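Have a look below at one chain only, the form predicted on its own, in structure tokens format.
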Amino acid sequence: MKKFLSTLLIVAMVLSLAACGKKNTGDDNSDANAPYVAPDMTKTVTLNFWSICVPTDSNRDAYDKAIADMKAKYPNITLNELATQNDEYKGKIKDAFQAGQVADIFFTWSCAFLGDFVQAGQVYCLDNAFKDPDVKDAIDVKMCNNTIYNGKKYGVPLTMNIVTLFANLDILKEVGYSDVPATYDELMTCCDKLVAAGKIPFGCAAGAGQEWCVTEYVESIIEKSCGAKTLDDIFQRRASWGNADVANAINKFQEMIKKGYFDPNGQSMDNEQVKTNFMAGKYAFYINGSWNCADFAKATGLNVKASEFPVIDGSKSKLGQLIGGPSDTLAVFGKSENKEIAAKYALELGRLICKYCYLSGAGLPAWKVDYPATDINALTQAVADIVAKSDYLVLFGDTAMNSADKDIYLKEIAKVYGAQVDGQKFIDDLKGAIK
């Protein structure tokens, strides 16, 4: 476990920083050489907190425990949490920033998503808060890379996750497999056998606002076709979308759909429905974030293995090139009346959320583990091993890209899943729209 944790910090170094390096006009209250100034945490204040941790979220128990610890430590501070479902939240928070009415502490995704708000000057700089003696040695600065803009810290990392290929081993055994197919060709053959046996290989949500679920599949296929560095460069505008390997990867994905590998009802389902179907044994495979490990590990009678999507072109990609990284983040609204207190509170809350998420198996730790962690479930341990062996992580596309590019990208992804565009049309459209 110690080896795994140190490797996580090394892996964090290869995460792309280009999207986070934009010049900002944020609420830059920091001075690198100034001594730490502690806020008065004895004041009686109310802090509003926006999250995406709805009751069905895998992290709900971790959030509840973290918030309870904070209430016990700071009984004078009232935290009002408002949780909004993931996809609805993305639109809500953008509208709120435009109106200048945001919670004191808010959940966000790192890199370009948070960067757009920082650039608009509406996020409080956390440099002073990170100088707190109780905090500064508890997290490696590399884990903050995706929330540093113009050399300043603006986010509190929570957990680290990767896109994971989950497989129901009991279903695979029905078609003669004792383990997850190791190569792309073997995986396709397995899917053919599943279809022939009346089984659905994959479930993927594509209802309104669920395009991110499709990207979990598409980005895995693209990365294992053209290589992590190429995909990373495309996301960061260092390379064009006009890439034949990307077009071929899209065609492979659509061929999987045509061959009946996906639940045809996915177009009208949300991710919770698809996830529930997988847990009920309707699908053999489910590609989604490693945050699902906790729920899968707790499910009675569910025999699941976690692995990574196999390599398609070995001359350009390899195992250990993954989609993911530190993305889930807390930040402080620059116009908060209690922003100094909110900053310290957010760091302590984020550290606790990370702890309880890790202990429950709902994410890998972004903060240093200074507590007993001997009962981590087998699925989370398997994901940890995958990350420990990795050499390149490409941050999720809808987080890595700026807001305008991301919206264009997700609309095109929806067209891919709906067979409205093929691979060539996909890259042509994006090459023309993202310059």
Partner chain sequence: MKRKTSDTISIIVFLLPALILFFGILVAPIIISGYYSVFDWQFPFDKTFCGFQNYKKLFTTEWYPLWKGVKNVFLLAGLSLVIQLPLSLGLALMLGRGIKGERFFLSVNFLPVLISTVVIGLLWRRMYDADAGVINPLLRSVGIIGEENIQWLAANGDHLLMACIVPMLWQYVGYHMLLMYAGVKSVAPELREAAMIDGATTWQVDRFVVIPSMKQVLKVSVIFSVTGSLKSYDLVSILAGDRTYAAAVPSTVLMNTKSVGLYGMSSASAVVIIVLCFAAAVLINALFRERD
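Under this definition, the rigid core comprises the largest set of C-alpha atoms superposing within 1.5 Å between the forms. Everything quoted here is computed from the prediction, not taken from an experiment. Positions refer to the first chain, counted from 1.
Not on display, but discussed next: the form predicted in complex with its partner chain.
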item	value
Answer option from A378, A373, A404, V37, heavy atom within 4.5 Å of its partner chain in the predicted complex	A404
Interface residue in the predicted complex among S307, N265, N150, Q254, criterion: non-hydrogen atom within 4.5 angstroms of its partner chain	N265
Contact flag, G207 vs its partner chain in the predicted complex, heavy atom cut 4.5 Å	yes
N76 within 4.5 Å of its partner chain in the predicted complex, heavy atoms	no
Any non-hydrogen atom of T183 within 4.5 angstroms of its partner chain in the predicted complex	no
Interface membership of E337, its partner chain in the predicted complex, 4.5 Å heavy atom rule	no
Region of this chain that lies against its partner chain in the predicted complex, out of 221-229, 139-147, 87-95, 316-324 [heavy atom, 4.5 Å]	87-95
Triplet E412, K415 and A433 all within 4.5 Å of its partner chain in the predicted complex via a heavy atom	yes
Contacts with its partner chain in the predicted complex - residues in 98-136 whose heavy atoms fall within 4.5 Å	Q98, D116, F117, Q119, A120
Threshold 2 Å Cα movement between this form and the one not shown at V102, rigid core reference	yes
Residue shift check between this form and the one not shown, rigid core fit, K335 Cα at least 2 Å	yes
